[in-house]
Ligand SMILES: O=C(O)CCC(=O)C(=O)O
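First comes one chain, alone, set out as structure tokens in the form predicted on its own.
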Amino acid sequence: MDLTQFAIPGLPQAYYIPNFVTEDEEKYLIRKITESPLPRWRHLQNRRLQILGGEVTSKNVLLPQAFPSYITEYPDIIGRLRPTGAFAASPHKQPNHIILNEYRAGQGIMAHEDGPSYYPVVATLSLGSHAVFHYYRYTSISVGADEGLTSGKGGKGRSINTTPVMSVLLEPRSLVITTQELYATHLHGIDDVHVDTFPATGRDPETLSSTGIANIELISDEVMKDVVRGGGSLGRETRYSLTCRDIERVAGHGLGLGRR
């Protein structure tokens, strides 16, 4: 796969692939996810999630566990990620850890970093609903950790510029890949809203950047694309995201922590 054809304008080292899975595959994945035993889910204040591939210790070591079959067999998310080349330089050449999030309408996630446990590439598959993914920068001002302006393990004590650098519309079945410096130096988040609203800009290419949606020309759904271009709203439904990453240090791989 030539990943460059999916490069997001204005976002170096970020890529957007629409229809990474088919509608039938999406339905199958959502069914398998929703059929998961309740004990596998962890309940947070604003969403619930599952950890796939094993737990990560406080020393950033993965204690590996087998992925469910829908990750490695059908539709084989791991096998489908390899040809993108996104993980070609990562320690294991493919993801070995996935966080599965469930976002209901009105739920999001604050701006955050993914932390030092992972190789600097992340691929996120969206299922069931769209979302708007925002990239943020830190400001140059250092603040106290109790001022509520910090995010992520590596960003403690640093304030965040609340105006996004750029935003990406994530369609259902799409994959967004963030790599290298963009991964390491920026934060990302999703607003906790029921409806995403877009200003009217018309179809003049020179005005499209004012929408703030950097991947507008890569969007495959013409209805969504017209809403972003012409102004309007998109209501959210329940969305499942599979955030795929590679953890370098794995128990049993020369770390004396047991066998894989």
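The structure displayed is predicted, hence computed values, not measured ones. Numbers for residues come from their place in the sequence shown, where the first is 1.
Keep in mind that the form predicted in complex with this ligand is not shown, yet the notes after this line are about it.
- Of the residues given (19, 238, 13, 243), 243 alone sits with a heavy atom within 4.5 Å of this ligand in the predicted complex.
- Checked against this ligand in the predicted complex, the residues 179, 124, 107, 96 give one hit for a heavy atom within 4.5 Å, which is 124.
- Taking non-hydrogen atoms only, residue 101 approaches this ligand to within 4.5 angstroms in the predicted complex.
- In the predicted complex, this ligand sits beyond 4.5 Å of every heavy atom of residue 175.
- Using a 4.5 Å cutoff between non-hydrogen atoms, residue 171 does not count as a contact of this ligand in the predicted complex.
- Proximity of residue 71 to this ligand in the predicted complex falls outside the 4.5 Å heavy atom cutoff.
- Stretch 112 to 120 is the answer when you ask which of 161 to 169, 71 to 79, 112 to 120, 84 to 92 has residues with heavy atoms within 4.5 Å of this ligand in the predicted complex.
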